[in-house]
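Only one chain comes next, encoded as structure tokens, the form predicted alone.
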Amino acid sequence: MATAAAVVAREIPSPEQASLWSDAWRRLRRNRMALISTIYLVLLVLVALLAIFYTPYRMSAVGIAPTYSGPSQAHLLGADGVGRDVLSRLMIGAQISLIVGVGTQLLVVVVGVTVGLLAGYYRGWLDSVVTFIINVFYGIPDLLVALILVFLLGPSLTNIIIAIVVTRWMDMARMVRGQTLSMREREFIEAARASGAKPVKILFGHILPNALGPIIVQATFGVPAAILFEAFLSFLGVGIQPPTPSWGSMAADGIAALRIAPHIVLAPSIALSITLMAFNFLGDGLRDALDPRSRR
């Protein structure tokens, strides 16, 4: 009987034995806003993927509807000032927003995590140089740096991503640097050094896995910031260039006819607002779920 009880006890893990990630997923599922935001973002990704193969009309096809016509059965979100279908352009704009948001954060993670790990682990002159560069970038307006880079490199999707990465990598680097400084003197790092582990193994095999939670949260909050930054540049006319639609450029095109055709501005503005809120709610949920202090 005792042996059977021991077997059952081994088969049913206690809550304390659950891994950080399974426990985080369990807490995330209890956050309704985070779950709703996740469902919306999944649908947005599916719409962006669908737009690769299908849109109701060609995004650049003009004259397919009366100019400034409102929503109808043929054009669910109406038409813009040159008779283009707003829904088709909105679907393509979702691709641009996701490419900019996710693409910039992937590059920000690569640059920021690498710089932060090296500066926090080696300290000394390297840490001083990195801290000085970060402080210099913080002293220069992000918009000014982005505009200069876009004017120098030209307004294209790739150059906009580069410009956003140049203005956003400091937040990730500073956060990872702080995480590395707090962990480099911990017992498990000292044990790794004593066992003869090389710095690369310590950085990417011990410190980085333990800092993944804050990195994921930081990247999640960085996606809407990048999307909004791109939309603002496109609204100013220095972002994504015609005929490729961006939610920012679509809103800018409809400003002149806001009184007679508000749907041209409202459609991309609502899509942008909901997307930004979804990423922010998801980031809040991930931050709470991945915080070890909130474990029960």
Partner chain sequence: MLTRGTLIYIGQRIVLIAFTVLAVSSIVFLGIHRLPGDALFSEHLHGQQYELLLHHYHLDEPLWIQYRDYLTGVVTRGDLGESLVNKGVQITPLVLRELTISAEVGAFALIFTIGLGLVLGVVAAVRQNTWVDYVLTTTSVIGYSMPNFVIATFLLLVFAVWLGNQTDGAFYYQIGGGWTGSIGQIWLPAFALGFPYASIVARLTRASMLEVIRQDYIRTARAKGLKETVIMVRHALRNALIPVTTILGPLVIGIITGSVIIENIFGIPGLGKEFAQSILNRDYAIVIGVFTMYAAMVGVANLGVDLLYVLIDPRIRY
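Computed from a predicted model, the values in this text were never measured in an experiment. Positions refer to the first chain, counted from 1.
The form predicted together with its partner chain is left out here; the points below concern that form.
- In the predicted bound form, its partner chain lies within 4.5 Å of some heavy atom of residue 269.
- Contact between residue 235 and its partner chain in the predicted bound form is found at the 4.5 Å heavy atom cutoff.
- In the predicted bound form, none of the heavy atoms of residue 133 sits within 4.5 Å of a heavy atom of its partner chain.
- Within 4.5 Å of any heavy atom of its partner chain in the predicted bound form lies no heavy atom of residue 70.
- The three marked residues, 107, 122 and 220, fail to reach its partner chain in the predicted bound form, with no heavy atom of any inside 4.5 Å.
- When you look in the predicted bound form, the only residue of 251, 240, 34, 51 with a non-hydrogen atom within 4.5 Å of its partner chain is 251.
- None of 143, 87, 162, 82 but one reaches within 4.5 angstroms of its partner chain in the predicted bound form through a heavy atom, and that residue is 143.
- Judged by heavy atoms within 4.5 Å of its partner chain in the predicted bound form, the contact stretch among the candidates 123 to 131, 197 to 205, 145 to 153, 71 to 79 is 145 to 153.
- Contacts to its partner chain in the predicted bound form (heavy atom within 4.5 Å) from stretch 84 to 114: none.
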